[in-house]
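As structure tokens, one chain now follows by itself in the form predicted alone.
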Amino acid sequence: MEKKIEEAKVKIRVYKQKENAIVQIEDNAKGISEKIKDKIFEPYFTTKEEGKGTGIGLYMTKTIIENNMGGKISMKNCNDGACFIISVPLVIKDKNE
């Protein structure tokens, strides 16, 4: 289901918080339904019609951020849309240490 937004906007904010870099990505597309909010990071989950999406984008994003970068990604509805928050350490520790 695609939403028609007249004046679509995406805001990106980057800042440092303690020892982490934070990236916030916010849109004005009315947010994500409470019914599916807990599923959006699952593999092959998509709200798009067949042939328009594979449902692996957010799953792969989460996997890379959490498993390879030692960070976290979360989502919440805010203002008029969805807000994704990515937190990654400023210094990535070597797994061999």
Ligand SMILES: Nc1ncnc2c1ncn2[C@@H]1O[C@H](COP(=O)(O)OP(=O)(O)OP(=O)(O)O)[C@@H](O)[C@H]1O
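Numbers follow the displayed sequence, beginning with 1. Quantities reported herein were computed from a predicted structural model and do not represent experimental measurements.
Another form, the form predicted in complex with the named molecule, is not on view; read the next lines as being about it.
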property: Distance check, M69 to the named molecule in the model of the complex, heavy atom within 4.5 Å; result: no
property: Touches the named molecule in the model of the complex: T63 (any heavy atom, 4.5 Å); result: no
property: Contact of I86 with the named molecule in the model of the complex (heavy atom, 4.5 Å); result: no
property: I73 within 4.5 Å of the named molecule in the model of the complex, heavy atoms; result: no
property: Stretch 54 to 75 - residues with a heavy atom within 4.5 Å of the named molecule in the model of the complex; result: T54, G55, I56, G57, L58, Y59
